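Before any questions on binding or motion, here is one chain by itself as structure tokens, the form predicted alone.
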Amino acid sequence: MVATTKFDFEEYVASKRMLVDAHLAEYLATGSPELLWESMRYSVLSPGKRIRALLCLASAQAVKEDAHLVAIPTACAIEMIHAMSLIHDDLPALDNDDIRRGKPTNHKVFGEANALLAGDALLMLAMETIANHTPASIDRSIVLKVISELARATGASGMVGGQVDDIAFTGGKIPANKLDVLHSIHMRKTGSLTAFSTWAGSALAGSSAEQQNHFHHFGEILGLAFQITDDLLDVTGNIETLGKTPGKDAEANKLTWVSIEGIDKSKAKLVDLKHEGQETLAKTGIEKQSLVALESLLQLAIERAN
């Protein structure tokens, strides 16, 4: 980013989303059996915010101006993983939702079995995409580390484990240390993939180990902010702003930030997270102008509640 040029966040987001969408369409262009690939494309190519992919690209570009180009396969892999999680979350065995991103959920269109298998296939395609499409200029040990960290962020110690605990405390089961438990669920269910996104972008761009730690922590902060905002939108939003059926958390008696802390304290927590995120970015030692996209993405994640 050029310091003398005013940053246009809307133009930045539009251009990077277009870049990610074009590569996703390429990686998902064809395959057999066709029904499976149609189901995969339905969820991945459905219009979305692409926040996690944008975080990956913005983190890479913050470290080195053109490094976002080598991070594109990883950014697309993140979107595949995210789509997988949405497909599975919407199934009757989990959230049992009919609407996602303003459209019928995958299992409503392709059936539960095909939706489940499409999610499984996307999980594997994400790893293939990083391995096969990351430019040869990137050291293979870094590529292997990225794949390993994505597997960890997605699996039992990350997103999947967080989802299991989320289910365990749905239906009115309230632990004594409920806020600590909820924080742990959010940090894994949402925070693990956002933290991976910012970490991976910086790692692929050649940042130092210390900088990578700060980028990872920033992703955790943004992930928590994103989930608290989701909790708020389930209460205050509508199907247009949320992209899925509102009121599901209360109906299922889920453990959420709003159910524990209320609306006002949840909004206050978002303000604290915004400041913490800005302070964490400053610790990277990177000039502020190069971090403006990441700061704006943090703001975007929070302002969805307004």
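Residue indices: 1-based, along the sequence shown. No experiment lies behind these values; they were computed from the predicted model shown.
What comes next is about the form predicted in complex with geranylgeranyl diphosphate, which is not displayed.
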query: Non-hydrogen atom within 4.5 Å of geranylgeranyl diphosphate in the predicted complex for each of M84, K189 and Q227; finding: yes
query: Residue among L125, M159, V143, L232 with a heavy atom within 4.5 Å of geranylgeranyl diphosphate in the predicted complex; finding: M159
query: Position in contact with geranylgeranyl diphosphate when the complex is considered in the predicted complex, options V63, L270, I51, L28, heavy atoms within 4.5 Å; finding: I51
query: Which of 43-51, 63-71, 258-266, 273-281 sits within 4.5 Å of geranylgeranyl diphosphate in the predicted complex, heavy atom basis; finding: 43-51
query: is_contact(R101, geranylgeranyl diphosphate) in the predicted complex, heavy atom dist at most 4.5 Å; finding: yes
query: Distance check, L94 to geranylgeranyl diphosphate in the predicted complex, heavy atom within 4.5 Å; finding: yes
query: Close approach of E220 to geranylgeranyl diphosphate in the predicted complex, 4.5 Å, heavy atom; finding: no
query: Geranylgeranyl diphosphate contact at D89 in the predicted complex, heavy atom, 4.5 Å; finding: yes
query: Residues of 273-302 having any heavy atom within 4.5 Å of geranylgeranyl diphosphate in the predicted complex, listed in sequence order; finding: none
